[in-house]
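Shown below, as structure tokens, is a lone chain in the form predicted on its own; questions about how it binds or moves come after it.
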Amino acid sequence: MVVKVYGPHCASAKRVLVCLVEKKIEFEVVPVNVLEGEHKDPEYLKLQPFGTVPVIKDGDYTLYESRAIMRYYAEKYRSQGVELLGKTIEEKGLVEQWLEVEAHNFHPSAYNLTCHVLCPTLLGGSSPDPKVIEESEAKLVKVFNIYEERLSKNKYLAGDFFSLADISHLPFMDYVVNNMGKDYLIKDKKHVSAWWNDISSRPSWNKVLELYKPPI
């Protein structure tokens, strides 16, 4: 049964798609136009009652929340493709730790920047707030300072292996560094810059970027 991924053009869905490519899992995509409100359609809400993307359908199994989906496939297909969870319980613990760091420390500020700089329509009619932009950048700098220390000791966030923790950063790091031109936030951070150059050069990420252009 081929996996169906709903909303492939949106940032969070790209985490899932990269994971699927790295794990050599076949999939097909179902476009969901969030700019036209298709994520709020009654039929879609039957799959994802909170009205966000992505959602996957794997036969009769439905799952939403991108990080949960990545964990599911990394475990289900552990024996094929790239090992993304860590080989030992200690490595797995670090992958989980840095996934939580991404979700709670990096993502909120990166998402706020995306809304206020790239897509103010997501603000529900409000104008971009320069103060939010300034505060979000300052918070990201603090996060990147911690990453710089971590990455001075390890090639990747969870250790010397590419993992879900790195994949999870790809979509919004791309927005921050490339789409918004805020590469100055990491320019003076040697190890963060090297890490970003590494993970953003992976064939899986470039394939996903090429096939599924962002909606904004």
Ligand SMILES: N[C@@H](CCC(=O)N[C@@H](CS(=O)(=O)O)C(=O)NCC(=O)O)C(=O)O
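Each residue number is its position in the shown sequence, starting from 1. All of these numbers come straight from a predicted model, not from anything done at the bench.
Keep in mind that the form predicted in complex with the ligand is missing from the display, and what follows is about it.
In the predicted bound form, the ligand sits within 4.5 Å of a heavy atom of Glu65. The closest heavy atom approach of Tyr111 to the ligand in the predicted bound form falls within 4.5 Å. Contact check for Arg202: no non-hydrogen atom falls within 4.5 Å of the ligand in the predicted bound form. Although the partner is absent here, Leu164 sits far enough away that none of its heavy atoms falls within 4.5 Å of the ligand in the predicted bound form. For the ligand in the predicted bound form, the listed stretch (180 to 188, 155 to 163, 22 to 30, 66 to 74) containing residues with heavy atoms inside 4.5 Å is 66 to 74. In the predicted bound form, the residues of 50 to 70 lying within 4.5 Å of the ligand by at least one heavy atom are, in order, Gly51, Thr52, Val53, Pro54, Glu65, Ser66, Arg67.
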